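Shown here is one chain on its own, the form predicted alone, set out as structure tokens.
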């Protein structure tokens, strides 16, 4: 089932599981795929920033996507295909779509500075992957170094009917969401899905501004699912209360570099991943940082029983 502009709910961003030596952990890939759908996710993304995609070779990247798509059994899987060159982008995109992917995710190329150069990049990217392929625009200035104004996002949406989802990760970006929704309301921009990233750090207020859900990698996707449902049911205070309980851990694992190590560690503690290993080069995840996370989880468990778990070795 391909992506369309009605996408809503939670689409997790998945890590790539590794064994201690750095090989891909295929058993954890399967377990992780099951986990996201058991948590209520509508789909999830592989080979994104959280998936350490640049550390995989082309054969490994295709193998991960293939394994997940097959395990998902027709549920929606988005594949990150951003690459330095359009030939590699096209190759991976066409292959994963043939395997049954729901769509692909594309970020602007690093170093682009002007609106004209960014718009031209997306024209070339869509030409490369094919205008028949639904895609997610990843608007993540912190990672790409590319800033897209609301006006430019509107232009790209207008130029490309195959654009189904804006992955909004600009920060601060609440007013950007409001502007895009205003243009949809007055008919000057077509309706698209807006899902948010940034580890869900601003999800509570982004939902208040009218986004459709989240597309991010927090290790409690089931909390994100519940927060979205509560918000859409008009239970604003309950949505904020649940979100606030997780905010200290969200803040801690939003740290650049070490954040992925934190998320993998929490997923290991939840029994999803066998190890929390990141492929080299990787930041150190010190014993002190691990103790911080354990403390945050213990505090969270007082308000959300989903954080009440122990490693088998404990």
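Residue numbers count along the first chain shown, from 1. Since this is a predicted model, take the numbers as computed values, not measurements.
One more form of this protein should be noted, the form predicted together with a further copy of the same chain, which is absent from this view; the next part is about it.
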query	finding
Residues 145, 243 and 248 all lining a further copy of the same chain in the predicted bound form, heavy atom within 4.5 Å	yes
a further copy of the same chain contact in the predicted bound form: residue 233, any heavy atom under 4.5 Å	no
Contact flag, residue 299 vs a further copy of the same chain in the predicted bound form, heavy atom cut 4.5 Å	yes
Residue 91: touches a further copy of the same chain in the predicted bound form, heavy atom cutoff 4.5 angstroms	yes
Any non-hydrogen atom of residue 74 within 4.5 angstroms of a further copy of the same chain in the predicted bound form	no
Partner-proximal stretch of 225-233, 159-167, 212-220, 119-127 relative to a further copy of the same chain in the predicted bound form, 4.5 angstroms, heavy atom	119-127
Contact assignment for a further copy of the same chain in the predicted bound form, among 289, 268, 42, 28, heavy atom within 4.5 Å	289
Within 4.5 Å of a further copy of the same chain in the predicted bound form: residues from 200-230 (heavy atom criterion)	201, 202, 204, 205, 209
